[in-house]
Each structure stands twice: as structure tokens, then as C-alpha cells.
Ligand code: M6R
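A lone chain, given as C-alpha cells: the form predicted on its own.
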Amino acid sequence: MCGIFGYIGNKNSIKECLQGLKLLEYRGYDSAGIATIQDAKILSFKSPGKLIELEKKINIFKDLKFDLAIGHTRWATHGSPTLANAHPHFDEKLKLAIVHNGIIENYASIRKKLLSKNILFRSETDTEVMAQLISYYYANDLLKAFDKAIKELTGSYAIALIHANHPDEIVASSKESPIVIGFDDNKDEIIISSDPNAFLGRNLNILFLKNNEIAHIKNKKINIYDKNLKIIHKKTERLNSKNISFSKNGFEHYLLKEIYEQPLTIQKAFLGRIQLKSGEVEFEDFNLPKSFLKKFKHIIITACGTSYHAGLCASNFFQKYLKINCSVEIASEMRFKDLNLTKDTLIIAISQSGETADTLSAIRKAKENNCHILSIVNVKNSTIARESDSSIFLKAGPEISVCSTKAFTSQITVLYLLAIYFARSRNLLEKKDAQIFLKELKKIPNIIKKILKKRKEIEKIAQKYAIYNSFFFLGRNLMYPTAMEAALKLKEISYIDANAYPAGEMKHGPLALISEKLPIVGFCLNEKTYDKMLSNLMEAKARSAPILAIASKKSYGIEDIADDIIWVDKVIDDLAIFPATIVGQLLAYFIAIIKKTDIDQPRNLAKSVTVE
């Protein structure tokens, strides 16, 4: 989950590294550091806390200019977020510096071996073990020492390394954790990163390291070696992102900006894909065989966090229109379950970043069973996209806030389009019915715009409810996973204990928790379950719970039950996820404002979860 950035070129490497780390800080902000080489010695700058603390240290040395540097922004796994545990890490002789993303599972045994050789350790991390091991094997050939060391490692890693005796070289490698290398046409600048987002603002040729490949960068050359240290030739791609940059556009937080972008991002997700006249859906570069699309018998959706909630919503839709079983698996659990995977199973993997380690492990297990993999991702060239048989891209643009908002609604949009696509291709959905649904979907951006205009109203309600320390979010049918997502937003950015429950299940235990100190947020936007929701909320009201309802305009009965109501335009049941979600996002945001939390970078969290 950490961010790695390395630079070798004709610009000030320290400044370039800092800029790259700023683009990666959403991957971890427990600590940060940069290392370079000066007069055949490693020179480093490290600081616990956010990147701004490191920048303060470096600004003292404004005139320092170097051609090479590696940097790191950390999300702690082994060892607390202290100065000693911050990357880069070094060998005992301070001749070697390394930055690392991933987890080395056998670090304890390697550390024990090195301690028996009287090697001194300075940190608690698994990364320092790698630095010390490489140094132990070093005999003036950096590449051979690196190769010998990584062959002993068990686990996942993305590594970048420099050595004081090799002042114009960077060595990098990857195993189950991404490394991408970008370079201009003349190789005047060569950049290494754990995430292509670090290349924003540049036009570059890029290549990705596969498992066990090693990159050796020296004298404007990039040599890629396989596990046997034989040179291999890799295909490059072009990334044109010179005119793309991160900006809050006047909003106080990236999160709020991304909430407000949703009318546009939802539109981007369906534009060019909806053929309203024919009632068809088309996806660009859709590579799954048509013969398979007509015969698959089972769908398994796998995802984590917010993407898992999107999968839960979509599963109802797939079963409704395809008349086949669709299950949803939490990716971190899927690889440990016996799911009877066959060649007739379609796996749909959902991940905003396309780098989620748990989801990657799940699809790799599925591939071992000859399943077809379709990924729904927001980042082209991401690992999940590259390892899937086909991918559909959200086209939502970079999502910078750790708390996901626009990616979720784009995922729902794409998944719903996919269900229509499958149903039409199997002749299970009439043209007229597809047209009706697609017309309703196209109305959603304008409905969301109306909700965004309720900002002051929702902010006022947030002020009333921010005094509570726990919440229950209730929904039925599609409103239940919607409630799960809303509860997650509140947990993530306000640090409030928020639980989501199927409303009908309250009487089977959770009612014991209900009191005047536990507010209920009721999602009442599904017509099919509306009467049942009223009954469930009445059960909570009878036990003195404060009730906040999200309901469609002109709904009956809710005013007699709820203490507060946020009214939204009426939409069909299948699309009620959208207005309910926007309300939930805004409510969480304004409560977090009152709580004065770090909204874009909540404590203990990182954007791309690249460790299991």
C-alpha cells in the first residue's frame, strides 16, 4: 500500500521525487523518505507523519541537486510509524538504500540468520531485512547480489534500490506488487513507481514488470532480466498525461469535489455505451468470447470495501435479468473457500485502483480453475486489468480522496449496463424494456444535481446528528447494500461507529441496542419494500431511537415516524441506489467536518490496498 518513486535523469532528482510522492501520498501517509547518493555516500531525508514534514526537512537544503533518488511514502505494516521505521532502509554499512511496497513473510527467519552473523539492525521492518540481505551477498556486483537475495524472499514486493558504489544506477523488481517504469523518448528521464498516477503531468513510454523480473537502469539504458538473469525485451505503451493534474478546483477537500463530480462521471460511464434506439449496450475493447458469453452458467463477483458493496447491488440485477445464480465474494475470503469454480463460471472483479491485492489473489485462484475474468476498474494498465481476459473502464478520472465516492456510482452504472448487455445478448430482455431502463438511467445525473443543491439542508441535519457516537443504517433489498456503503463512509471519515443492517433483521437481535442514544438512518427509496421499512422504523421509534429517513417525494406515512427526512426525487427501484448514495456521502462529509477529522486522508487508511 506504500508509494514508491524513483528518478534518474537531467532534473533535480530530489524535487522530482517529492513531486512524485505527492501524487502517491494517498497510498500511505504514516511516514516518508528520500535517499540519494553524494560523494560515494548515501544521503537520506526521512520523517514520520505526512509528506509535508519531509518537505520541511528537505527545504533546508534547497540548493542540493542530484541526478538520482528513490523515495517512499509509507502505510505501516511491520513496525509502528516512527522515524526509525520510515523508508528508505539501509544496510549496516550505510552503503545501500531500499524502498519497498509489500510484505516479506519470511523476514523473521532471514533476520535471525543475519543476526547470527552479528549484523546490526536499526528498525522493526521487513524491508530492512532485504537491505541487509542484499548487502550480505554484495561483492561489487549489485545486480547479482540483488538477484541472489530476492530468490530467498517469500511474500510480495515492489523494490527500488540504490548503492553508493553505483552512483548512476537504480535496480528494481516486482513480485505480486506492481512496479511501472516510465521514460521519455530519449531516456533523459527514467522514472520508477508503484503506481502510474505518479506519471501524471508527463507524456511517457511505460512498461510494467512482471513477477520476478528485475530492471537495471544505468546510462540511459533499461535492461530487464528474467528470474534467470537473462535479458528480455518488453513491449512498451504510451501514456499521455501531460495535461492531467490533481486539483481541488476550489473545493475544501478532494472528497467533496469528487462527490460533486458524480453527475459527470456517471454520464462518462454510460456515454458512447448506450444505443438507445436499438436498446443495446456496447463496450469498447470487450474481449470475452461470444461463445462463452452465451453459455456461462454462474457469475461470481469478487471485490473489497466499497467495490464489494457495488457488487452486492449488481448481483440482484444480474439475477433479475439473466435468471442465473450470481454470488458476491469478499475477495480476501474467496481464495480460502471451495466455490466449485469451473470453465463455465464468469468472475467479475471490481477494483477502483486495479491493484487491490486481495482481489488479485482471488482472480489468480479463479484463473487456476480456467474461469474467465472480467474486471471493472478505473485505472488503465493496472495489474488487475492486465491479468483479466477483458476489462471495462469506469472513466471516472483519478479519485484522490481515500474514501471512495464517484468510483462507486460509476461502478454501479457500468455493472447495470453490463447486465443489460448480457441479457440482450441472450435474448432475455425485450428491446422495449431495455430502452425504458436506459432512459431512466440517463436521468440520474440531473437527479443527483438536484440533491447536491440540498447541501445546506443536509449540512444542517448533520449538525443535529453529529453529537451521536453510534449509528444504525437500515435498508431492505437494494437499499441494504446502499446502507452498508453509507455506513462505511461515516466510519471512514468521521471515525464514528456505524453499522448497517437489513431492516427486517433488527428484531432478531439488534433491537437490544436501540435507545434514544442510537439514531437510525432509514433508506426508504424502494417502493417494493416501502411498507415493510415503515414497520421496521416504527419498531425503532417505539424504543425512542431518533430517526432520519431518506425518502422519495410524496411518500406516505414516513412523516409520522421520522424525526427528520431528506426528500429526493422519485426514481425506479433499481436506480434508487444513486440518490440514496449521494445523500449518504454528503451526510458523512458534513459530520466529519464537524468532527474535524482528516477527511481526504483518514487515519490508518490508504487508497490502494496492495497488501493482503
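These numbers were taken from a predicted model, which means no experiment stands behind them. Residue numbers run from 1 along the displayed sequence.
A second form of this protein, the form predicted in complex with the named molecule, is not displayed here; the remarks below concern that form.
J.: Do Ile363 and the named molecule come within 4.5 Å of each other in the model of the complex, heavy atoms counted?
T.: Judged by the heavy-atom cut-off of 4.5 Å, Ile363 is well away from the named molecule in the model of the complex.
J.: Please run the contact check for Leu488 against the named molecule in the model of the complex: heavy atoms, 4.5 angstroms, yes or no?
T.: Yes, Leu488 sits close enough to the named molecule in the model of the complex that at least one of its heavy atoms falls within 4.5 Å.
J.: Contact between Ser351 and the named molecule in the model of the complex at 4.5 Å, heavy atoms?
T.: Contact with the named molecule, yes.
J.: Does Glu492 make contact with the named molecule in the model of the complex, using a 4.5 Å heavy atom cut-off?
T.: Although the named molecule is absent here, Glu492 would touch it in the model of the complex, with heavy atoms inside 4.5 Å.
J.: Can you check 396-404, 511-519, 138-146, 337-345 and let me know which stretch has heavy atoms within 4.5 Å of the named molecule in the model of the complex?
T.: That would be 396-404.
J.: Among the candidate residues Ile214, Ile299, Cys304, Ile420, which is the single one with a non-hydrogen atom no more than 4.5 Å from the named molecule in the model of the complex?
T.: When the named molecule is considered in the model of the complex, the option within 4.5 Å is Cys304.
J.: Tell me, which of Ser174, Ser410, Thr127, Thr356 has a heavy atom within 4.5 angstroms of the named molecule in the model of the complex?
T.: Partner contact (heavy atom, 4.5 Å) among the options: Thr356.
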